[in-house]
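Take a look at this single chain in structure tokens; it is the form predicted alone.
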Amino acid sequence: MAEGNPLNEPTTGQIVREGTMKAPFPTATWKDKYLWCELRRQDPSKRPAPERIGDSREIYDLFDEQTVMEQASRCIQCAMPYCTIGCPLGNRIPEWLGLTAEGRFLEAAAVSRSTSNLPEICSRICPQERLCESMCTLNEKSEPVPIGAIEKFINEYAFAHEAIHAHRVMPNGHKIAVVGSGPGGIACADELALRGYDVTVFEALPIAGGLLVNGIPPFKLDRSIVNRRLNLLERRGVRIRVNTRVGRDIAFEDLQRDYEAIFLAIGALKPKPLDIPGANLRGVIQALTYLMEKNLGAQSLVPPIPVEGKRVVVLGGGDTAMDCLRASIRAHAKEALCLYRRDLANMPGSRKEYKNALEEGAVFHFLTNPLELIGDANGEVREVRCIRMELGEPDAKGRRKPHPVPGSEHLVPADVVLIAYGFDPIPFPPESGLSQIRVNEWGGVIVDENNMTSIPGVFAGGDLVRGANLAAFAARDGRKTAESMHRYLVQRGIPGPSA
């Protein structure tokens, strides 16, 4: 049996498409189950680097129907779907892969949407190579199924065929406020609207979408994709109020009075500081400030940040650093250079985004740590004094600690320095009732197992609780919180029979 079962999986009780056993999801026949031996993984084509750096359009194409069916058929429908375990949302991946392999694209998309409120967005921005695809059983013998690209195809197919509807359900007469319109806020508002709640989303910035619009460049996620999802929310009856800062433009106490429950999905927007001399020189800019200006242009609240013909140095090694490098190249920077104090193996950024940045002309100096920013007589940054690093023993998180190499100091020319060291939650205004919410030592909101804060009826999730993280985790928190809020209100006897 070894030749027909290359992964040596147990065959007892094997479920096949034509069989009489009740399958939890569509599975392949015995012959189809090993198509991965004959079909290599194929990724969607992407535009050539010289072409794509000339604009800000998305760089990846969609699969065609034949290719997406072939790639989905590589899924072996294993008894233990580790890909689902690797997905923060617990997406029913083998199920919609099986449907896709059969050409049942609309059914596949419906299954995809059953566990995710923004699958067409997560499929574009999630680092699948660290999540679902890293857990694919095929990694043992071959390459994983291109799960993210297939998820993107089936959902775009559903939109193109007008199969995603925004029917309003019977109102239950009760109101909930959602603060923040990023992935967590979108997911929570969507789930609540489907239960009949009257939901209002409050967004502090002039444009809804949170970091999906303000922080992620359009070459990764076009704004029209987010707007389409927000339009669906509004058609379901959700109201979105922009330019409204809770605790400043509208009192938190007013929300408590007017709404039966509140979900805080504000995110983490406070930049981690650059604690070295010269950090206050002109030309030293926080990554999010830079990305907001480049993403939104004239609609941004940030003044123009020109980098054309300049040497841009990015400090940090995460996805935000990759976004800054690639945005700078599109803004015609003379050079886009990343300084990172660890090596590539320990860099937290997506390998896919790192490869894209390299293709587009970004330069990386690994094991390099900035010590000082040096300016000219006018207070403009001109150089970064750096030191080489070497990796020592792993720290508490398993990452090897970097140590300076004596005598290795050197200068790196710079006209613009972008700080991409990550983000923490912004402290609540001390004069607001929000300040009564308990937080931990780094400012994250403390919640219980139901995502409720120390104030009854006030819930929180996403980056505000866990720190800067992936959109999928925020969406998961939004879905979970919607369920918790509904349960909380039912226990208090608030929702009527229609809920």
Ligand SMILES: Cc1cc2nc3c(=O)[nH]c(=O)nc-3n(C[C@H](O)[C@H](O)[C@H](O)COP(=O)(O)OP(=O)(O)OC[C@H]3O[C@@H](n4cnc5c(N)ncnc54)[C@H](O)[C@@H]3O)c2cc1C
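Values in this document were obtained by computation on a predicted structure and should not be read as measured data. The first residue of the sequence shown is number 1, and the count goes up from there.
What comes next is about the form predicted together with the named molecule, which is not displayed.
Contact with the named molecule, judged by heavy atoms within 4.5 Å in the predicted complex, is confined among 329-337, 211-219, 228-236, 101-109 to 211-219. The single contact residue among V417, L205, A357, A193, judged by any heavy atom lying within 4.5 Å of the named molecule in the predicted complex, is L205. Screening E133, E120, D319, E95 for any heavy atom within 4.5 Å of the named molecule in the predicted complex leaves a single hit, D319. Shown alone here, R245 lies within 4.5 Å of the named molecule in the predicted complex, counting heavy atoms only.
In the predicted complex, no heavy atom of P425 sits within 4.5 Å of the named molecule. Contact check for L367: no non-hydrogen atom falls within 4.5 Å of the named molecule in the predicted complex. A residue is said to contact a partner when one of its heavy atoms sits within 4.5 Å of a partner heavy atom; G182 meets this definition for the named molecule in the predicted complex.
Against the named molecule in the predicted complex, the set A265, L269 and L288 is in full contact: each member has a heavy atom within 4.5 Å.
Counting a residue when any of its non-hydrogen atoms is within 4.5 Å of the named molecule in the predicted complex, there are no hits in 375-391.
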